[in-house]
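The chain below stands alone, shown as structure tokens; this is the form predicted on its own.
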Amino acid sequence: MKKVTPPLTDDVIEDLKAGDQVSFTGVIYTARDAAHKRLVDLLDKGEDLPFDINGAVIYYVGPSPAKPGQVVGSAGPTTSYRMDAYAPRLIKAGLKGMIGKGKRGKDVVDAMVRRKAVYFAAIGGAAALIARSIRKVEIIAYEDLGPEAVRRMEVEDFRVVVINDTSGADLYDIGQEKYRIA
């Protein structure tokens, strides 16, 4: 298990390889497709984002409301391809990590290789378990989007797996190839 603290640097990113298990402790941000569109619109207008994107990690999640005494409700990953139209632009602006589930498109993988970024998968179906790693949550932008608002999350021992690394390796492809019949 590799222990990582955001914001991520090129040295940390280059050390991560497809298949590595990673534990995050520190600050990550949440955003889904509607928020991604707004973030890219801000970049296109030359305006500041609601958080420092340099070295940042975005978790593709729309957490459910917290029950009394909890910080957050279930917080499982959403399917990442819905952010593929926006991810290359955010990577170019300094985004270093993305957490979600499912395969990424070629343009996103190419941007990760070009700009040294990594894609991680959180375990789908383990939303309540994942929520135990979240220590603090605050909405920092787009409250009108409800669960899809941009949030600042403080996490401890938030576990993920590297799917795409800076070389372009893809754990999903590696896994399929391992069991392919010639």
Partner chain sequence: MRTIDVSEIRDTVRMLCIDANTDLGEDVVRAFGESLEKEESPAGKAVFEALLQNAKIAREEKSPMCQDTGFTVVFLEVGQDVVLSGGSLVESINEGVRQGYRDGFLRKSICDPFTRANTKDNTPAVIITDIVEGDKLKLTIAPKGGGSENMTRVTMLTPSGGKKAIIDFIVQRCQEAGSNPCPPVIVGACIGGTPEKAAILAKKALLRKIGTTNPDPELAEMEMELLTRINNLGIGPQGMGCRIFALAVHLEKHPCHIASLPLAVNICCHASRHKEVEF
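Quick caveat, the model's predicted, so the values are computed rather than measured. Residue numbers count along the first chain shown, from 1.
From this point on, the text means the form predicted together with the partner chain, which you will not see here.
(request) Heavy atom within 4.5 Å of the partner chain in the predicted complex: which of 113, 27, 149, 66 fits that? Just give me the one. (result) So the residue touching the partner chain in the predicted complex, by this definition, is 66.
(message) How about residue 121 - does it come within 4.5 Å of the partner chain in the predicted complex, if we only consider non-hydrogen atoms?
(response) Contact with the partner chain, yes.
(message) How about residue 101 - does it come within 4.5 Å of the partner chain in the predicted complex, if we only consider non-hydrogen atoms?
(response) Answer yes; at least one heavy atom of residue 101 falls within 4.5 Å of the partner chain in the predicted complex.
(request) Consider residue 171 of the chain shown here, and say whether it contacts the partner chain in the predicted complex, taking contact as heavy atoms within 4.5 Å. (result) Yes - in the predicted complex, heavy atoms of residue 171 and the partner chain come within 4.5 Å of each other.
(message) Whether residue 126 contacts the partner chain in the predicted complex should be assessed with a 4.5 Å heavy atom distance threshold; does it?
(response) Yes - in the predicted complex, heavy atoms of residue 126 and the partner chain come within 4.5 Å of each other.
(message) Is it the case in the predicted complex that 81, 175 and 181 each bring at least one heavy atom within 4.5 Å of the partner chain?
(response) Contact check passed for all of 81, 175 and 181.
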